[in-house]
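We begin with a single chain expressed as structure tokens, specifically the form predicted on its own.
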């Protein structure tokens, strides 16, 4: 009885998402933090209230509703929109398969390490929340149910592809990366080839995402090669890679775009076909981004200890296998924040193509306010707000996915 009386009462475990605990740890952890919270909280609350009121009550969204197609695809011929829906379905399947393969590999790796990866519905909703809310918000401005049904169908195909891929064996998932890249290329061919629409007639969010995804896919491997080249023992290779990186990192992107627009054709042979304006802009984005990727990856390579290479040498690995299997994976893991930051920067830098006559998302937001029914009525605020929300949601989602990947890989903890 005495032992029972003297035994301390069991302390209930603190729930990790308890609001009171979260407030105490993040907003009232010390008296300066509490004072700052009490001073800034009213200003933040008022700002959020005014912003939400503007979005829901005061804003005149008819400019977006009337010109939604221009915001999304620009001057793309309306009789060819069916190609976009087919390409979207193919792209959803390709990306869904890639996401499923990544999720299955991560789950198996976590289980092998003795820490099962349990992603509940709450986690899945939080991950899909930003892009789903963006799609729902865009569809709210659409007229009719056809765009809604087609969008839901494409998302359903992507989810089905992810589910099927997760059930494959590790050996069966080896071909998924190649199939994903092939699907991205097939979606591009569906839009632009076989009597399709040339890239010069693209615009809006379509051309923005084309520049972003295309430049990232091409610049990433090129940047890795130049990062490895800067560490080469051959002086010619090292100096050449250093010159390339320093030139493009030291040149303003807007200047390079003007060079690609006006000067690049003069350096081509007389009989060489001049690339189109979109192709030239994409080449500039690839060169510019690959230089930054090379410098980011080089920093990651320097962060890998010499003992890792010595251990790989002790295992009898060739220099190529040492780099591919031991050094480079650790370097890329260490620089995930920098790489994602560069991707977000590239996504926002694509707005500079308006100076060379490209009708990207930002250019459309300005041009629609010059229509007769909206001219001189201050609709620029609503137009720019819509575009800003699109850019912010996509950038925020990329940032959050980067943080989840860092936490899964233990970046900065081990």
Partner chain sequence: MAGVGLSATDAPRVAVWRDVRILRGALQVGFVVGVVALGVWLVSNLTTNLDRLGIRSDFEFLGAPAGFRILGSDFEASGTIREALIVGITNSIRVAVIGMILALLLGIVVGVARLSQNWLIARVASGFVELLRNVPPLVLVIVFYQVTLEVLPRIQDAAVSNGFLFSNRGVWIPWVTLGEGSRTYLAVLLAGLAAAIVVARARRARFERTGEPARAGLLATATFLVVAGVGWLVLDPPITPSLPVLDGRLVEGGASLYPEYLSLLLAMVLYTASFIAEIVRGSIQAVPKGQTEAADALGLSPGQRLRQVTLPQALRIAAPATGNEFLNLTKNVSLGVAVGYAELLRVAQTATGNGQPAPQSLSLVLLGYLTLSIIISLVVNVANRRLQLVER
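Residue numbers count along the first chain shown, from 1. Between two forms, the rigid core is defined as the largest C-alpha subset superposing within 1.5 Å. All of these numbers come straight from a predicted model, not from anything done at the bench.
Omitted here: the form predicted together with the partner chain. The next part is about that form.
>> Give me the residue from 75, 147, 299, 240 that has a heavy atom within 4.5 Å of the partner chain in the model of the complex.
In response: None of the others qualify; the residue that does is 240.
>> I need to confirm a contact call. Of 235, 329, 319, 177, which residue comes within 4.5 Å of the partner chain in the model of the complex, counting heavy atoms only?
In response: Spelling it out, the residue with a heavy atom inside the cut-off is 235.
>> Taking 4.5 angstroms as the heavy atom distance cut-off, pick the stretch from 329 to 337, 182 to 190, 254 to 262, 154 to 162 that is near the partner chain in the model of the complex.
In response: This holds for exactly one stretch, 254 to 262.
> How about residue 325: is it within 4.5 Å of the partner chain in the model of the complex, going by heavy atoms?
Replying inline: Residue 325 lies outside the contact set for the partner chain.
> Can you check whether residue 63 is within 4.5 Å of the partner chain in the model of the complex, heavy atom basis?
Replying inline: No, residue 63 stays farther than 4.5 Å from the partner chain in the model of the complex.
> Using heavy atoms and a 4.5 Å limit, would one call residue 70 a contact residue for the partner chain in the model of the complex?
Replying inline: Taking the distances in the model of the complex, the answer for residue 70 is no, it never comes within 4.5 Å of the partner chain.
> Heavy atom to heavy atom, is residue 26 within 4.5 Å of the partner chain in the model of the complex?
Replying inline: Output for residue 26 is yes: heavy atoms within 4.5 Å of the partner chain.
> Taking 85, 166 and 218 as the candidate spot, are all three within 4.5 angstroms of the partner chain in the model of the complex by heavy atoms?
Replying inline: So, no: the whole triplet misses the partner chain.
> So which residues in 345 to 366, when you check the partner chain in the model of the complex, have a heavy atom no farther than 4.5 Å from it?
Replying inline: Heavy-atom contacts within 4.5 Å come from 348, 351, 352, 354, 355, 362, 366.
> For residue 265, is the CA shift between the shown form and the other one at least 2 Å following rigid-core superposition?
Replying inline: It does not, since the residue 265 C-alpha is displaced less than 2 Å between the shown form and the other one after the core fit.
> residue 341: CA shift of at least 2 Å between the shown form and the other one after core fit?
Replying inline: The answer is yes, as the C-alpha of residue 341 shifts between the shown form and the other one by 2 Å or more after core alignment.
>> My question is whether residue 61 is one of the residues whose C-alpha shifts by 2 Å or more between the shown form and the other one, given a fit on the rigid core.
In response: Shift of 2 Å or more: no.
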